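Just one chain is shown here, as structure tokens, and it is the form predicted alone.
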Amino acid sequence: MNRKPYIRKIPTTWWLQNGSYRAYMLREFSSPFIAIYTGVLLVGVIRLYQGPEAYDAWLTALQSPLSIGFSVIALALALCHSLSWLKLLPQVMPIQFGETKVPQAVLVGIHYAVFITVLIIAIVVIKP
């Protein structure tokens, strides 16, 4: 007996049908951009180690319109990635004191407060 296996037809737009799926795909889509930008920053550290001329050349390369555009896109995707992660945090990391669980709203609120504080500190430190 030769049976044919059942293969379910899944449309390529399956992820557009549910908000959770769209958020998941956006997080997944952001990952390569964040990885590439991490590589760009790593190259900057290497250029800094190589000396002032190499570092200045790297900084000059970052001032191109293509680089600035990529940086803006990577920043937007990194913020989206971070905020969606903060939203998922209570399911990933439930905190419990004895028999009492910390409410999800408190946990998310604390993490948002830390996120905003770090963001403000970064803006103050980077400000020219």
Partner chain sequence: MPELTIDIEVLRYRPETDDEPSYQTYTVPYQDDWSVLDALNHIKDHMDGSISYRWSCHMAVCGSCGMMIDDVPHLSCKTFLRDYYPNKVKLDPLANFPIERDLVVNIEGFLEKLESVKPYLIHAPDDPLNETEYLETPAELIRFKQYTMCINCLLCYSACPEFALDPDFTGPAALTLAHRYNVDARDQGTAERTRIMNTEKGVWPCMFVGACSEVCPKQVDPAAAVQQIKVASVFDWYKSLLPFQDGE
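Residue numbers count along the first chain shown, from 1. Since this is a predicted model, take the numbers as computed values, not measurements. In this text, rigid core is short for the largest set of C-alphas that superpose within 1.5 Å between two forms.
Form predicted in complex with its partner chain: not shown, discussed below.
- Of the candidate stretches 82-90, 65-73, 32-40, 47-55, only 82-90 contains residues with a heavy atom within 4.5 Å of its partner chain in the predicted bound form.
- A105 falls outside the set of residues with a heavy atom inside 4.5 Å of its partner chain in the predicted bound form.
- Residue contact check for T117: none of its heavy atoms lie within 4.5 Å of its partner chain in the predicted bound form.
- Its partner chain is not shown here, but in the predicted bound form it comes within 4.5 Å of a heavy atom of Q96.
- Contact between I10 and its partner chain in the predicted bound form is found at the 4.5 Å heavy atom cutoff.
- Taking its partner chain as positioned in the predicted bound form, the residues of 3-31 that bring a heavy atom within 4.5 Å of it are, in sequence order, R3, K4, P5, Y6, I7, R8, I10, W14, S20, Y21, Y24, R27.
- Put the two forms on the same core and the Cα of T38 is off by less than 2 Å between this form and the one not shown.
- Superposition of the core reveals a Cα shift of less than 2 Å for F29 between this form and the one not shown.
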